[in-house]
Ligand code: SIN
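Before any questions on how it binds or moves, here is one chain, the form predicted alone, in structure tokens.
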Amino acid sequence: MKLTDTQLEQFHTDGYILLPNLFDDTEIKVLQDAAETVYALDREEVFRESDGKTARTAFAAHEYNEAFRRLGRHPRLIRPVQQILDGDVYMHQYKVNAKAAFTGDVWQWHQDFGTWSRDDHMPEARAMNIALYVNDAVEFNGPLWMIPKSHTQGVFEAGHDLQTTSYPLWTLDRETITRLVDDGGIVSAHGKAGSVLMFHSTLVHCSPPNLSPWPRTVVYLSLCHVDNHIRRFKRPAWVAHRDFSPIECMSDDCLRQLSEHTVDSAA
């Protein structure tokens, strides 16, 4: 898969691009089943909400689930990022983010590269997210909110929020968000299951809580140019990965090869 010139221009101008219906129903069903499997695991990589029970994020799921291992090497996700970052990429972070019905909590306003730079000493913003919607993301179930063009202003000052949610995050203050929204507005990244969202690592974004009866799972691949790998190893290896070798893509039908009866945990 290769992005068009128009898509590349939109990405560089706005900081994001949404690609509808990139994965089909068969592939999405495999991933929905896989998500339920990993959320139920008793592993340190499966982070819980403040209630201690509801899954919030399954880190590094590609290391213990076969469907997510294949997704982490899928050409429809890897090739466009290689195109934008102009070279081979490695997996800096892999997350299966849950917004459980009624209980999925907020992700505060932040920039991903702000965290990668401060916590992991990633040298430059030559890294980005590509996200696959495993469920429909609608107005009511906590979709991603983004501030267009905010990626053009570099890294903002941030505070380390250790209290708002169960997961610590480097967050932006209200004055900064108000100024950025006055300039660029807010976009709600709605999309059907199977859609893919690509966004710049300095794009300011957040997501509201999910008070609806509809769950919302998104798989995030945070990919970094191999020359731009992290220099600090403060966070656990399942949060900020240590394997800087280039990702080798699998075949385009690698998810379809898995039926709903064969999505097992990887060895």
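Residue positions are given as counts along the sequence shown, with the first one as 1. Fair warning: this is a prediction, and the values are worked out from it, not measured in the lab.
This next part talks about the form predicted together with the named molecule, which is not shown.
- Annotated contacts: F23, F68 and V134 are all free of the named molecule in the model of the complex [non-hydrogen atom within 4.5 angstroms].
- Not displayed here, the named molecule is approached by N97 to within 4.5 Å at the level of heavy atoms in the model of the complex.
- Looking at Y64, you'd find every heavy atom of it more than 4.5 angstroms from the named molecule in the model of the complex.
- The named molecule in the model of the complex is not approached by M128, whose heavy atoms all lie more than 4.5 angstroms from it.
- Within 4.5 Å of any heavy atom of the named molecule in the model of the complex lies no heavy atom of Y39.
- For the named molecule in the model of the complex, the listed stretch (80-88, 148-156, 108-116, 180-188) containing residues with heavy atoms inside 4.5 Å is 108-116.
- In terms of contact with the named molecule in the model of the complex, the residue from H200, R216, H225, H241 that brings a heavy atom within 4.5 Å is R216.
- Counting a residue when any of its non-hydrogen atoms is within 4.5 Å of the named molecule in the model of the complex, the hits in 191-215 run H205, S207.
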